[in-house]
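Only one chain is given next, in structure tokens, and it is the form predicted on its own.
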Amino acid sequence: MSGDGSQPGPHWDARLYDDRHGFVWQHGAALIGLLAPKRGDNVLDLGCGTGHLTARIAAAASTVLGIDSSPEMIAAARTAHPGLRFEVADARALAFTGEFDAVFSNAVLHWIGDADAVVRGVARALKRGGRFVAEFGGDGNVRAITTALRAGLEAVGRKPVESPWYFPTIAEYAEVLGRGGLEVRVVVLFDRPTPLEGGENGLRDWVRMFGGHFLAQLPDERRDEYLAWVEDALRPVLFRDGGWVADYRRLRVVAVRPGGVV
């Protein structure tokens, strides 16, 4: 996962991502089964992060290109998987026309506010009959965490800020897909409570990795105080058996570009 964000992108710590947040790509492994890559496919992995899912797709497909807006993530992907192709690219401005049998994306699209630009680019990149398989945060994703992050800013004397994420409903995203020229086959919203790595420190590690938008509102010397407030607020709800469980809700999508069968 990485952010092709609609605002200036966050600085991604690729090592921290792999060391403490491997659950992101590990959960995405199930999505590859839905993609069903086959020999001869040309696949675009949109928001490839450190490339672990790209490598799994490559094991079944002839050609895979991994793209991400983060140079840090792309550098790590090239190091980990030197035999594969990775490029820095913006998901809102895909420069492909009719090249891919499939576009795959895991845990990325909630970072991109301009969903219409992404879907138009995906549709243009696909061959006729090509498929788009994606999963990302949907309506209600990390609602408890976001509420605490905003309230915590107020508690330490800062003005609350809006969420940086895009979490659409089923209806909203189905409309985006249709407007972009894709035919909807599956759109499902489901709860997926997700254990965080790191034990007692799991929540603050998550915030440091993904919640930089909120931490940026505070000077460095106030951040531990803020994180402690957020932990106290969420402990009764999200701390279980010695670890934190994030209140994830995921939107899973399958759509095709009309005009043929892959």
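Treat the numbers as computed from the prediction; the structure is a model and nothing was measured. Residue numbers here begin at 1 and follow the sequence given.
We do not show the form predicted in complex with a small molecule, though everything after this point is about it.
Taking a 4.5 Å heavy atom cutoff to the small molecule in the model of the complex, the contact residue among 100, 167, 86, 173 is 167.
Taking non-hydrogen atoms only, residue 210 approaches the small molecule to within 4.5 angstroms in the model of the complex.
Of the heavy atoms in residue 110, some are within 4.5 Å of the small molecule in the model of the complex.
Shown alone here, residue 248 lies within 4.5 Å of the small molecule in the model of the complex, counting heavy atoms only. The small molecule is not drawn, but in the model of the complex it has a heavy atom within 4.5 Å of residue 206. Heavy atoms within 4.5 Å of the small molecule in the model of the complex belong, among the stretches 76-84, 159-167, 124-132, 92-100, to residues of 159-167.
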